[in-house]
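Same protein, same chain, two forms; see structure 1 and structure 2 below, as structure tokens.
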Structure 1
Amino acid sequence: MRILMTGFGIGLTLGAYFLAKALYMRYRHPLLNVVLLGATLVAVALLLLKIPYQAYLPARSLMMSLLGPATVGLAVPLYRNRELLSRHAPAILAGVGLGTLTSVVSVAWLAAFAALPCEVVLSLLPKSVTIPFALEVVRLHGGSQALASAFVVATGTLGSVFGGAVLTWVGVQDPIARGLAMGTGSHGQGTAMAFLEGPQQGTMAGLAMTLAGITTTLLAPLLIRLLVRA
């Protein structure tokens, strides 16, 4: 029964993924997010079929066990672009590093100012990095994985809708700087938008996305001690 349920859970998620992806491919609207749409489809199916969330957990952990090797695989695009990486090293390191610091510190302050509960604040901290890194930050330091994913998607959606206009408005014209900001500020969704601006912006955004993820997980222990648990 458990095996059957696990198989069903995986099948359901696959179906939701392909449906959400097909809808996105068809309309290409940034608000049609594959993660949120797919998760909503799965949640609605579970509710309609009266399957408790607990029954979905074995399937969930099986699917998420592939997230580890997928994250490690991000070394491949980094390696393929190693020359680009070293050619623009100062801009990349400083842009991604200070951008990441700004993201974590400013959201912690804004959340404290808004008097949000601790668990919500902890889940907000990794909002600018792609989901596998965000999930690890909350797993190690507290917070909710579901909330963190939702905040990551919200940040990505916001960045992909307004990011380009904001950069133009504040006078960032350099294509490499634009790509770096989009990847640092709104991870994969920002990267998709950066690729629409041009291949140079897109590649830079992809590199920034991975580097911002690494930087956030490295900085998180220190920043959480300084900002949240002081």
Structure 2
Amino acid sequence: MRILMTGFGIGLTLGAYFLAKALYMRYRHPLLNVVLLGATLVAVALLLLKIPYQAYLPARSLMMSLLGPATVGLAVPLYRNRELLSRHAPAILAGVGLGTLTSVVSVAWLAAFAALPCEVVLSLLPKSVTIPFALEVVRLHGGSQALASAFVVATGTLGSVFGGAVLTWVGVQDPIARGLAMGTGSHGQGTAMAFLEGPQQGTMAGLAMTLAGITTTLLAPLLIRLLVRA
């Protein structure tokens, strides 16, 4: 029975994804975000079918185990566009580095200013990097992995829903700049939406997501020491 339920959960998730993707590709509306709409469709289906979330958990766990290999798989488009990456290396490193620094420092300052508990502040620091990086940061330096996961998902969802529209609104049309912004600000979810825009955007977003994760793991210990002293 559990195997059947796991298979049903995976099939339901894939069906919701492909439906959400088809709707987004047809209408290109920000609110038809693939991740947000897909998750909503799954939740609605579980409610209508009266399937408890606990029954869906094995399927979720199996799909989550593929997150790491999927992240590593981004190396393929990076390799295919290696000439483009080498040509724009200085701008890429500067853009991702400054973007990550701004994200981490601003979050730390606002959280500390609001007098949030230390555990919450530590869990907020890696909000703009993909979950594997974020969980490792909070595991090594304290914080709640559950809170960190929630903050990462919320950041990725908001960035993937509104990021492209905001970039268009402020006049950013260059595919490289759009991809770097989406990957730096909203990690995997932003990268997924960037790939829907085009291969260059997706490749740059994947690179930015990886570089932002590495930069955050390097910055986090320094900021944590400053926060503890403060």
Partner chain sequence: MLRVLKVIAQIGLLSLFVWLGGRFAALTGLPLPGNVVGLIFLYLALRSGLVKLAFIQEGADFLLRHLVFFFIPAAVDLMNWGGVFYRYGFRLALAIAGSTFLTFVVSGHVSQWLRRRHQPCES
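Quick caveat: nothing in here was measured; it's all calculated off a predicted structure. The first residue in the sequence of structure 1 is number 1, and each one after it adds one.
- The form predicted on its own is represented by structure 2; structure 1 is the other form.
- Rigid-part rearrangement between structures 1 and 2 places its hinge, out of 153, 80, 146, 176, at 80.
- Relative to the larger rigid part, the smaller one turns by 24 degrees between structures 1 and 2, according to C-alpha superpositions.
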